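A lone chain, given as structure tokens: the form predicted alone.
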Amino acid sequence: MTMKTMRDAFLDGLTDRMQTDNSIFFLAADFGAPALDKLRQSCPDRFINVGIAEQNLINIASGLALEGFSVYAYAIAPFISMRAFEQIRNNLSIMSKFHRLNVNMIGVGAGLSYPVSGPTHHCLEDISVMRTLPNIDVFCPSDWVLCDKFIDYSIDNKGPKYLRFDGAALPPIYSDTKVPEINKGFYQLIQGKDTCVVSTGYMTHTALSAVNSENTGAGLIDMFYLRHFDEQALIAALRNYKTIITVEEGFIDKAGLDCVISNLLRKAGLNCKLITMGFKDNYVFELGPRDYLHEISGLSAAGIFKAIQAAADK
């Protein structure tokens, strides 16, 4: 089982694509990686390091996109999603009403990917922040295989996108024989009976451990596209469940995954009980490994298993 970061898988694949596609530019906000060095060396005329200046990163990316290029803007997740919010709103969200701007914002370090760096480097707001903006798609993959498969989609489907990448090296969930349709936006990993867990990003790994433990009988859906997913297909997948549990490494009740599912259930008239799991209205100031921070926040595999059990007992 190959452990790999989402960033490395995506950058390696994009580097290969840039060899034959001169319409791609890559911009970085002084945020390095060995895989990025390879890209820079291979395509020096289409790699720009703007420095620690995320607002200008979006300005330059928008200008290149207006000229018809496919642009990738790369920075640490909380900084690209929040420090440059006004530029994303004005240059991408608003301007996309009139121009096809293929700017792909790569935010590395989603959720608690940098567990010992504290709340300034945690990124619990980005799903909510990006989903408030019209015309911005949000891609929140659970493994590096999905990231690699997303490269062609990101080039072929024009428009601004926020790519929410985890910072940790993770095992694959998908394989060559189990590859989701990116357009669909989700994949049902396990078919359950009465209870279904819907998770996104890193939390799909934790949810998978919880659902597989002690034959819970629960289903599991990995939600990797949080806007413009196939609503009818997801409604059909959720229709026969009595309880839905959403799990995300972000704030709940603030336009995140829980709100995506809540709105969908309401629109479809599905009479399911909804349980939401994530971070409540507080930042995480404790320091320690990611599993420890999840445990004290009720987001461990044991916590998810407990929620599944509680749903089954009612």
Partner chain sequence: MKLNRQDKLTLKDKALEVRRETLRIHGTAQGTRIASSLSPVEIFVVLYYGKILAYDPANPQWPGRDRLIVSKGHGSICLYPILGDLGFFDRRQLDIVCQKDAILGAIPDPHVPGYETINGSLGHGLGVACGMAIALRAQRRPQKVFAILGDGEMSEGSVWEAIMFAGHHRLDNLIFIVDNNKACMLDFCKNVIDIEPIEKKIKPFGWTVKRVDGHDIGKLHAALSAFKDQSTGKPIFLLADTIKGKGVAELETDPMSHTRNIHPGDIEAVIGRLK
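Quantities reported herein were computed from a predicted structural model and do not represent experimental measurements. Residue numbers count along the first chain shown, from 1.
We do not show the form predicted together with its partner chain, though everything after this point is about it.
Participant: Would you mind picking out the stretch of 30-38, 57-65, 243-251, 267-275 that comes within 4.5 angstroms of its partner chain in the model of the complex, counting non-hydrogen atoms?
Facilitator: Only one stretch passes the 4.5 Å heavy-atom test: 57-65.
Participant: Under a 4.5 angstroms heavy atom criterion, identify the one residue in 91, 216, 195, 113 near its partner chain in the model of the complex.
Facilitator: Here the answer is residue option 91.
Participant: Looking at 239, 99, 178, 228, which is the one with a non-hydrogen atom within 4.5 Å of its partner chain in the model of the complex?
Facilitator: The residue from 239, 99, 178, 228 that makes the contact is 99.
Participant: If we define contact as a non-hydrogen atom of the residue within 4.5 angstroms of the partner, is residue 156 a contact of its partner chain in the model of the complex?
Facilitator: The answer is no: residue 156 has no heavy atom within 4.5 Å of its partner chain.
Participant: Mark residue 188 yes when one of its heavy atoms lies within 4.5 Å of a heavy atom of its partner chain in the model of the complex, and no otherwise.
Facilitator: Looking in the model of the complex, residue contacts with its partner chain do not include residue 188, since no heavy atom lies within 4.5 Å.
Participant: Look up in the model of the complex whether residue 152 has a non-hydrogen atom within 4.5 angstroms of its partner chain, and give yes or no.
Facilitator: Looking in the model of the complex, residue contacts with its partner chain do not include residue 152, since no heavy atom lies within 4.5 Å.
Participant: Please check if residue 173 has a heavy atom lying within 4.5 Å of any heavy atom of its partner chain in the model of the complex.
Facilitator: Judged by the heavy-atom cut-off of 4.5 Å, residue 173 is well away from its partner chain in the model of the complex.
Participant: Look at the candidate spot formed by 220, 279 and 310 and say whether its partner chain comes within 4.5 Å of a heavy atom in all three of them in the model of the complex.
Facilitator: No: none of 220, 279 and 310 comes within 4.5 Å of its partner chain in the model of the complex.
Participant: With its partner chain taken in the model of the complex, which residues across 3-17 come within 4.5 angstroms through any non-hydrogen atom?
Facilitator: Counting only heavy atoms within 4.5 Å of its partner chain in the model of the complex, no residue of 3-17 makes contact.
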